[in-house]
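In the block that follows, a single chain appears as structure tokens, in the form predicted on its own.
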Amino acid sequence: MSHENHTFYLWINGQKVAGSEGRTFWVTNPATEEPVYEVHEATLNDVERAVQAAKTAFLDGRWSKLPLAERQARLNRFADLLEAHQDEIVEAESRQSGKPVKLVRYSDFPFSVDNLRYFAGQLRALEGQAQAEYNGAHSSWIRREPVGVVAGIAPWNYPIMMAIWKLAPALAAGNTMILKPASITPVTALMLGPIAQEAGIPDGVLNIIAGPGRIIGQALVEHPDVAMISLTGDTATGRQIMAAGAHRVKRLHLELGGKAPAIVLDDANLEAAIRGIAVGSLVNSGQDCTAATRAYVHRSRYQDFLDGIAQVYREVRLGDPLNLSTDLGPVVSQAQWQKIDSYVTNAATMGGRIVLGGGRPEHLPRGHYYQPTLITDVEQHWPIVQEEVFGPVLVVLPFDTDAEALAKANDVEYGLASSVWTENLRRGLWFSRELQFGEVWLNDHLPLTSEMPHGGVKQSGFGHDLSRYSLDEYTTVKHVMADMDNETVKGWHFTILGDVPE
């Protein structure tokens, strides 16, 4: 891909199309603050076109009624073609989001391809209850069926990976889809349309439209022909979608915000904890709902931990995301930069101590860069501890007992991810049971795998990405019950018609 500007179109019913009102918008590179991609903006008209294309494709069964082996083969072909387009997708992802290219090339992209291949395999292994005559007269069995038209609303922090996390299980289950990427990072999602078509995904099965969430997203949520909404985003947006979807009893899958604690016990391998939590806090410039944001460290290890992680933070290389040696790129936008800085400034005003970082690095005057920031001397109830900052910011708090660490870790409204660092398996297992989070890592923070579920509790939402549990989200359960006795008068009919048998 050259460095020139590129224009991207909507993908509706197997075709690149301009928005019906001819409007376009620019996607800006967060590292340079320059516009790099022109994107056609969808309107309510285009939402209707996309929904009707998906509805028609679902009703005529061009995808859902394919033999499972054929559906699997086409999804695997999709994965193969993604790999063939790796270089251009990776570069576009880095340019639109500011993500370091090494993070995309060696993490986000291969995970996306793996996820597509995983669901291609799982679609042939749906589980169901055994067929049986439970009441002695009727045989019952379960059918797993696709939901119908699914709208996937993807976030800006992992544009290509979240797009695949939504479309892979949805298509594997036989649904059709309208994918709506975030307006500030829509490019790699829009690139998927022609690749899917080349792989043999029938026209209308996957539609991709870009535009403002308050208009396009809202229209998808409220549309009567959209059976399900799958959102990855912040909790406030999740609440709005729940409220809007309630009018039509819309099926929802919501993966929302997080405020992950990392608990370092007195027996932890301190060097491993320092490095692991540093990586877990800085991934994607901290713009990750599972990122380590609160480190609770036993008082006996507190100062050593603080000194060690400050040293690691000083070694982080900020710079051009397209350079393979860059560790940390910019945050996604000036608005995000200001949000992060307001939390840091507020913490300092309230009496917190900024050990390291805060604000823009001096050697990078252009771009939305924010320094890795370490804050101590904070209180549990402060916003910097309770609320999602979504930036390269870690607060460190001491504790004296396991019970205190647990209580403070659970004392937030979120419940997505957490980690515990200890050499004592029994203590680790106790924490894994008591922590109110959808994921608990022991002696690590961040790794996920296609085979295991990812989802939260409390204000972090409900439902799961990844794993065969995700297929449950995108399928419905139908009970089929068949009479086996061929009798005109059934034994239970008297309860409605006739006398009680003597």
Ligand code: NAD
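Just so we're clear, the structure is a prediction, and the values are computed from it rather than from any experiment. Note that residue numbering follows the sequence shown and begins at 1.
Beyond the structure shown, there is the form predicted together with the named molecule, which is absent from this document and is the topic of what follows.
Which of 318-326, 358-366, 344-352, 155-163 sits within 4.5 Å of the named molecule in the predicted complex, heavy atom basis: Only one stretch passes the 4.5 Å heavy-atom test: 155-163.
Full three-residue contact with the named molecule in the predicted complex, heavy atom 4.5 Å, for 213, 234 and 241: Yes, because 213, 234 and 241 each have a heavy atom that approaches the named molecule to within 4.5 Å in the predicted complex.
Residue among 333, 218, 72, 376 with a heavy atom within 4.5 Å of the named molecule in the predicted complex: That would be 218.
Partner-contacting position among 289, 151, 189, 264 - heavy atom within 4.5 Å of the named molecule in the predicted complex: The residue from 289, 151, 189, 264 that makes the contact is 289.
Close approach of residue 256 to the named molecule in the predicted complex, 4.5 Å, heavy atom: Yes, residue 256 lies within 4.5 Å of the named molecule in the predicted complex.
Contact test in the predicted complex: residue 98 vs the named molecule, heavy atoms, 4.5 Å: It does not: once the named molecule is placed as it appears in the predicted complex, residue 98 has no heavy atom within 4.5 Å of it.
Close approach of residue 123 to the named molecule in the predicted complex, 4.5 Å, heavy atom: Flag for residue 123 set to no.
Contact label in the predicted complex: residue 181 to the named molecule, heavy atom within 4.5 Å: Yes, residue 181 is a contact residue.
Stretch 400-438: residues contacting the named molecule in the predicted complex, 4.5 Å heavy atom cut-off: Counting only heavy atoms within 4.5 Å of the named molecule in the predicted complex, the single contacting residue of 400-438 is 416.
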